[in-house]
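Take a look at this single chain, the form predicted on its own, given in structure tokens.
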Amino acid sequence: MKVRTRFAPSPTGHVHIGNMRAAIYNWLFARHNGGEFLLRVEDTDRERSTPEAIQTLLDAMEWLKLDADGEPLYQSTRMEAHLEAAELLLSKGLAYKEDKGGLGQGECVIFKMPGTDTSFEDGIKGTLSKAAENMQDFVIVRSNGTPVFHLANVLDDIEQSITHVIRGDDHIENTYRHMALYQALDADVPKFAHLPMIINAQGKPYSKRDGDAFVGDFRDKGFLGDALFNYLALLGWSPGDDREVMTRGEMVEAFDLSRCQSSPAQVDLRKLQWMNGEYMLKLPFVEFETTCFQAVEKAGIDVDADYARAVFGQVRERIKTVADIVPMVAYFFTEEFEYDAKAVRKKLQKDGVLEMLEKVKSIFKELDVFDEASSDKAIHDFIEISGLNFGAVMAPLRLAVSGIQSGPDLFPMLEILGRDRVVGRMERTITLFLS
């Protein structure tokens, strides 16, 4: 039997990370087993499943490199087949018509549950059972003649020869109904595995109120698709060792449903931030440079290419997301940078600080060569002679030339800026805060 899994979203304009995690697990399971991963777009809600919403879904999958096998199946093209199946069930006595609620709004088609206890072996949660008396008949075609999710979902899985259904555990109750439908339609029942929900720190379902919850949010905030894929893959699954940053191939090789946790998985955005930083470091330098050039260009910053490359190389290890690039490099490219007001009060507006900067500026102007080694030695010599501590010199100096109190190593930064910029910025700072 060839494994066939599917991702069957209902596009609404946003793609929640919980839905995308289900897609990732279906993709990994199919690839691990040499099978196929299919896409089915459940687009029967015409008000919400607009072309724009569907494109948002497809863009998210492309960004995460979730390649599906074959063309997508659009559920809206299958309505005739759904209604034919309902008629078949009616003809076999496995469904009946009724004015649901007695409101005179027309007859629904209702599937007749078989009246037997049902159990199945869930790929993640183990044996699950439900007594017959707790399973009621349910609507499969509305009074307006449109098929309900239960019938359409099962028929489309049959059409696509789906062998394994991996979805959220909010569908467990649906699975008992769906198994009865498979049997009534004389179709093979696929294997089911239900993923636990994704939760926030309070144990509640993770939503937009808790922060970024949609795939597009993370892309807009500068995260890399590969990093988010890796993070979501580990949000409820483990390879069985201490590995966290893994290639696609490593994840495919290691993926096993038996290693999926059955308890809810809590989102930790700090871990995602760290993981994204690891992926930023793994980018080939040419690709990293290109990303940086695109970011500064988008921000409207004009740069000299050679100078910019030196800047990008200096800050690389500090950048965690693409969104960090511009804030971290902007001061390299303008002499009109703003100062961190709180840092100014703590580090610059103290007795003797501006006089100290004046002395350091004079030392820098007199150096035969201005590079990392010479500025480093000059500052250490000045500290030894003056009796000041490192923080009393280094912190004001960094503020004077960048406007911020953190950044890359100071002396390589001074070399990249060059003597003229460094001296000019120190003069500007002294002038600004002396008054």
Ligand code: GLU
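This structure is a prediction, so every number in the text was calculated from the model and none was measured. Residue indices: 1-based, along the sequence shown.
This protein has a second form, the form predicted together with the ligand, left out of what is shown; the following refers to that one.
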item: Residue stretch of 145-153, 211-219, 282-290, 226-234 approaching the ligand in the predicted complex, non-hydrogen atom distance within 4.5 Å; value: 145-153
item: One residue of 82, 177, 167, 320 in contact with the ligand, assessed in the predicted complex (non-hydrogen atom, 4.5 angstroms); value: 167
item: Contact residue in the predicted complex, from 347, 171, 309, 125 (heavy atom within 4.5 Å of the ligand); value: 171
item: Joint contact, 159, 163 and 191 to the ligand in the predicted complex, by non-hydrogen atom at 4.5 Å; value: no
item: Partner proximity in the predicted complex: residue 18 to the ligand, non-hydrogen atom cutoff 4.5 Å; value: no
item: 4.5 Å heavy atom contact, residue 372 to the ligand in the predicted complex; value: no
item: Heavy atom of residue 376 within 4.5 Å of the ligand in the predicted complex; value: no
item: Non-hydrogen atom contact residue 45 with the ligand in the predicted complex at 4.5 angstroms; value: no
item: Sequence-ordered residues of 1-28 touching the ligand in the predicted complex, heavy atom within 4.5 Å; value: 6, 8, 9, 10
